[in-house]
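Read the single chain below, which is given as structure tokens and is the form predicted alone.
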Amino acid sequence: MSLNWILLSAGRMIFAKRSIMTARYTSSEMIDVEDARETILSQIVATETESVALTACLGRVLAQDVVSDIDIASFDSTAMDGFAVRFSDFSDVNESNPLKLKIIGILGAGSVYESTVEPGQALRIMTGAPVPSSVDTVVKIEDVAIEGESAECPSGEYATFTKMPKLRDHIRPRGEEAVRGDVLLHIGERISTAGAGLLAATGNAKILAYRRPRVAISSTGDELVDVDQIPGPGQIRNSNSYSLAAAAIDAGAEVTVLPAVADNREALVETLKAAAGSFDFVITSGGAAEGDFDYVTSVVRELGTLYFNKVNMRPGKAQTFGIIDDTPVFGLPGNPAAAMVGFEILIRPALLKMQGLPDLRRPTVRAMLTTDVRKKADSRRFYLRARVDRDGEQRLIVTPEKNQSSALFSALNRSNCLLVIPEGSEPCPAGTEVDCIRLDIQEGVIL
């Protein structure tokens, strides 16, 4: 199957033109993480909007406020199975002073009682049924003794009460959820499972949402073989493309994994030109450094605007970012952990911004190191794969993985955070409080 066929099948997109800034950094200059993130986000625009069916809305980002078209609920209803009564019938009711009321019928959810409940009467009522206007209290069925239940009289003949209720007990008032005109969901909000329920309750069979960004992912290297092949001498399976695809999907994108590109400059030029013309964002892994067979930076510079290709971070100093045909193109390192950390810190926020989300950073917590961290003589910011837990006193503690090799997936798979060691830090002994970026919690969550 040819590359051109794959790219054409993804469908060409018409993109909003963005103002291209003059590149701020030379290829030899290493920039800070914050500058890198700011540079990327300055080049990102939200995707266009589209109509999405309610059944497909989970995780989508609203491009409009959702307003309730009715009162929810539109009537007073009972929260319990029990008896609808008039509170004025009750006066110091207790075990030695019971109250006996005549049962006048039974009312289920979806039905309406058209008559009046008179003094001395009680209406048996099921959860969710509308409460008649002639009553003001519901007594749950567990607190009532019923006499005279039979096939001919399933509701019973009399109800005896031995506990004093509270006025309006177990009645859900009209408009408890919302009144007509209330804004229940806001633009930029990601639809949750409960949010889908609110959409249904307000009559929204479809919503206006930002389109999911279409992302192309390709890895480079002569050593790569497909995942269904047994690697030969000097070869490895192309695992990066699929870990990055999973990360992009988790960030809300639609992903196309392109064939791996050999260490050939002309092949990379063809791939990036075609992908930049057909997708919203292009991600490569491998070939982003400055070795003899590393072509990503020079090709991005040739085809578009190069913004940077070194970031002051470890793992993953070699990070290339540029714009080709109005499309962001990012070159990640080839080492798996370095590629995944680079995606998390720099690419994920960009994909979230494309979808109209206002919160672009995962929550960061402070936790106490359980072991010494001996930082090597390196001025870069370290992102260590680690796990946050709670100790016996419920304090947050963090334990870094022992093997921090950037070539390993397993340490990252066991981790739920990135432990941040700032630039220029001295070794951190056990007991030091450090920042931990929670990889297991979505952006916008307050801890």
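All residue numbers are counted from 1 along the displayed sequence. What you see is a predicted model, and the numbers here were worked out from it, not measured in a lab.
Below, we turn to the form predicted together with ligand AMP, even though it does not appear here.
Only one of 196-204, 285-293, 341-349, 119-127 places residue heavy atoms within 4.5 angstroms of ligand AMP in the predicted complex, namely 285-293. None of the heavy atoms of K273 is located within 4.5 Å of ligand AMP in the predicted complex.
In the predicted complex, at least one heavy atom of N238 sits within 4.5 Å of a heavy atom of ligand AMP.
Interface membership of T78, defined by any non-hydrogen atom within 4.5 Å of ligand AMP in the predicted complex, is ruled out. In the predicted complex, at least one heavy atom of E223 sits within 4.5 Å of a heavy atom of ligand AMP. Exactly one listed residue, out of Q355, S219, T297, S278, brings a non-hydrogen atom to within 4.5 Å of ligand AMP in the predicted complex: S219.
The listed set G334, G304, G82, P315 contains one residue whose heavy atoms approach ligand AMP in the predicted complex to within 4.5 Å, identified as G334.
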